[in-house]
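Next up: a single chain in structure tokens, the form predicted alone.
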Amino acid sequence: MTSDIRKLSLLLLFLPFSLWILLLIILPHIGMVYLSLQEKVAPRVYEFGFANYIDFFMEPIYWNTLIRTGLMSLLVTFLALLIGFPVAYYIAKLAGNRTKGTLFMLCLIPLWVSDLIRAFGWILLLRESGIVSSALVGAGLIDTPIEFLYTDATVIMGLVYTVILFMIVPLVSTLDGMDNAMIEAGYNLGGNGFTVLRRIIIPYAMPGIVSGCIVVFMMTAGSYLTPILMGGKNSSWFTEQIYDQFISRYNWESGAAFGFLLLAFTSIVVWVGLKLSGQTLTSTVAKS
């Protein structure tokens, strides 16, 4: 009787999560794959085939845009790690309890507003008549206003700002569980700061690093608003190609194929990253 109650409780506990996975993740992706294999041969007449995938590989602008999106997403991930790691280390190992809470809240504040508002905030700062350009003109550093928007640099800056919290949180979670005695032992054995960082801190934090990199890379590659608003029409982000297929060209079959190719591409990059780092997805999620 007790065993049955436990099984029923466990079933009810996991039922909402199972439905969420089934209805919002598995079924839509099955639908995407099915739709992507629909080949239009006449008005409202479809056959199964790989024409949508063949069209993607036959058109260089499509796969060039996908590769460009992947490379820029890797750069954003690297910059987020470079900036986020010292912040996470300070919060986890150096800050007091009250300061730690304050710093976490400061990191969360940007998430209180939507991506759209945050992007327009950057636009107000960086446009030709914006605050930065006007301040430089006023200080006499430049003669005429400069347009800082619609470049790869502004897109990367905006994306790093958007996703960096998702790098900091898993790093803090991992580093917080690290015993300070390990660091002290490293110094007592004659190691300098760089040696302790390389031989003790980074290996211990590797599950958090990998977890943060996976989340940041996937979010960046799938981002749409920030590249469009800060990069303009020529941002050449792959999600823009997907949007065009679905909305502008009303070619849902190609849009589904493009979406599935983006998922496959990012999954391959994550798999390669796990192999290079010597981590597994299960252990990374469990430890971070």
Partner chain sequence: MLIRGVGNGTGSVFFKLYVLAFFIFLAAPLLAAGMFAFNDSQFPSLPWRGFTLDWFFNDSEPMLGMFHDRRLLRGLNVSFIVASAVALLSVFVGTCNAFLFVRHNFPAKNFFYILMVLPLVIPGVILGISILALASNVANGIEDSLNIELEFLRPGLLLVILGQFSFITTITSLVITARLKKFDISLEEAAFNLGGSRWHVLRTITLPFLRPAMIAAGIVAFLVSFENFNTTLFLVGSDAPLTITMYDRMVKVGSTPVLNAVSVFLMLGSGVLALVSLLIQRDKSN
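What we label the rigid core is the largest C-alpha set whose atoms superpose within 1.5 Å from one form to the other. What you see is a predicted model, and the numbers here were worked out from it, not measured in a lab. Residue numbers count along the first chain shown, from 1.
Omitted from view is the form predicted in complex with the partner chain, to which the following refers.
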Partner-free chain; cross-checking the partner chain in the predicted bound form, the single residue of I83, L74, M206, I200 with a heavy atom within 4.5 Å is I83
4.5 Å heavy atom contact, W20 to the partner chain in the predicted bound form
yes
Check whether P28 has any heavy atom within 4.5 Å of a heavy atom of the partner chain in the predicted bound form, and answer yes or no.
yes
Can you check whether I117 is within 4.5 Å of the partner chain in the predicted bound form, heavy atom basis?
yes
Give a yes or no for I131: in the predicted bound form, does one of its heavy atoms lie within 4.5 Å of a heavy atom belonging to the partner chain?
yes
4.5 Å heavy atom contact with the partner chain in the predicted bound form for all of F48, V155 and V172:
no
So which bits of 5-23 sit within 4.5 Å of the partner chain in the predicted bound form, heavy atoms only?
I5, R6, S9, L10, L13, F14, P16, F17, W20, I21, L23
Please state whether A264 has a C-alpha shift of 2 Å or more between this form and the one not shown, with the rigid core used for the fit.
no
